[in-house]
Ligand code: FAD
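Only one chain is included here, represented as structure tokens and corresponding to the form predicted alone.
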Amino acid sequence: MSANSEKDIPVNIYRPANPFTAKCVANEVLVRPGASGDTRHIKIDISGGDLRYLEGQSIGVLPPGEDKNGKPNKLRLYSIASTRLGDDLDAKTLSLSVKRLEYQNEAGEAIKGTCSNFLTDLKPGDEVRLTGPVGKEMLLPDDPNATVIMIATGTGIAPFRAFLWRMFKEQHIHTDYQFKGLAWLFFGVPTDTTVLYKADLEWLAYKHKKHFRYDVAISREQKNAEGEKMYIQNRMAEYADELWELIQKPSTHTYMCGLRGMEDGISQFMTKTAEKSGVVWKDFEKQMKRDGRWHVETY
């Protein structure tokens, strides 16, 4: 049974040739004082159109202006960080977690990400052109008793915020979906000040001990068993046997979202863990993908 067998999944309600013009309603800093970089929670009003979406989908953003060749700026995709009801529970907004991209290239020039800077600079009332939604890869399983393992780095937390808010913050609203399974989040960040949605996640873990576990790996501030930097796969390794047991269950879905670089470390950890049971991880992973239980969205 795949994660989205019978769902009415909205896809490409709006296309680049005819985007939906939405409005920014809020733009809040997500990182705490002393954090490197600038990451925002951006809430966008999508009322007045036909746009709707499901948790785990992405939205396209068309930044204004032209590229260096004089062509309109290309569409960028962002994971949606809110549930289908939006942060105000009225199905009139969607939210994004966006990190401002700024770096120096080899020639020492400052490079700014076109779309991330457009979004992080938005002020309430500013217009945003949207397309989509897209994506069937990261949808939640229908089974309310499923085990949902989530592996995130940085703004890869966005779809999992949507999952967790639907599971635990909106329980009183849903008649069709009452989560009774286990949700387990592994979240990797460089510093404690860059743990996005920290207070909310800690509160959910405290309030829903039976159904939500939350483990964070802070690479620059924590050490792993070997005394080296604590990356997400090192944190997962502390629970290797338990995770392997869970992952083998047909009702367990594993999701990974964040920078593509995270995949190698996770793959090495899984290979080592599966080997202990005489299983070849690559084959097992392929089977999980075929069964619709291994969901990856990296960038």
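In this text, residue numbers run from 1 along the sequence as written. Everything quoted here is computed from the prediction, not taken from an experiment.
Just so it is clear, the following notes concern the form predicted together with the ligand, a form of the same protein that is not shown.
Heavy atoms of S116 reach within 4.5 Å of the ligand in the model of the complex, making it an interface residue.
For T155, a non-hydrogen atom is located within 4.5 Å of the ligand in the model of the complex, even though that partner is not displayed.
In the model of the complex, none of the heavy atoms of H208 sits within 4.5 Å of a heavy atom of the ligand. Using a 4.5 angstroms threshold between heavy atoms, F160 stays clear of the ligand in the model of the complex.
Of the candidate stretches 124-132, 142-150, 166-174, 75-83, only 75-83 contains residues with a heavy atom within 4.5 Å of the ligand in the model of the complex. Site annotation in the model of the complex: the residue of S58, T273, N27, T252 reaching within 4.5 Å of the ligand with a heavy atom is S58.
Using a 4.5 Å cut-off on any heavy atom, the residues of 73-108 that reach the ligand in the model of the complex are, in sequence order, R76, L77, Y78, S79, S97, V98, K99, L101, Y103.
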